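The chain below stands alone, shown as C-alpha cells; this is the form predicted alone.
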Amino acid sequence: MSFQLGAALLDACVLAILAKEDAYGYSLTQQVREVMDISESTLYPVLRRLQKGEYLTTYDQPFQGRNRRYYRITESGRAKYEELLEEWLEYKQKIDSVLLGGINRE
C-alpha cells in the first residue's frame, strides 16, 4: 500500500479488533496485517501505549505449557475507539470527496 499509516489509525484498528474479542499479541498482529503491513515490533509499542492510557488491560492464560498474554479493551478504550471511529469517518468522507469528486461514475 502506498499510503502512510498514522498512530491514530493503528490505535483505532487495534481497538476495533479488541472491541470484538480479547486477543493475544501474535493473533492481533495477524489480524492487523490483513489490512496493513506491520511487524510485531511495531505493534507491541502500540499495545504498551494503549495500556498506559488505560485503554487496554492484560491477563495471562496458559496455553500448551506456557502463558499467553491476552489484551482486553476497557470502557475507556471503547470510548476512545468510538471517538477515533467518528474522526475516521469524517476524515474518510473528506478524502473521498476529493478523490472521487472528479470521477463521473455513470
Partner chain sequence: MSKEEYLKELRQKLKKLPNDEVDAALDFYGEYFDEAGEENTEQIIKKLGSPSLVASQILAEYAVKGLDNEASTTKKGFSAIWFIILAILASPIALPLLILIISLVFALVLMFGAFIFTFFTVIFALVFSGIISAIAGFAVITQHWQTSLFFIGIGLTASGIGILLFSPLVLVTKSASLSLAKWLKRLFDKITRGRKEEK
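The model shown is predicted, which means the values in this text are computed figures rather than measured ones. Positions refer to the first chain, counted from 1.
Below, we turn to the form predicted together with the partner chain, even though it does not appear here.
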Original post:
Does residue 71 reach the partner chain in the predicted complex, with heavy atoms at most 4.5 Å apart?
Top reply: yes
Original post:
Should residue 67 be classed as touching the partner chain in the predicted complex when contacts are defined as heavy atoms within 4.5 Å?
Top reply: yes
Original post:
Does residue 57 reach the partner chain in the predicted complex, with heavy atoms at most 4.5 Å apart?
Top reply: no
Original post:
Would residue 24 count as a contact of the partner chain in the predicted complex, using a 4.5 angstroms cut-off between non-hydrogen atoms?
Top reply: yes
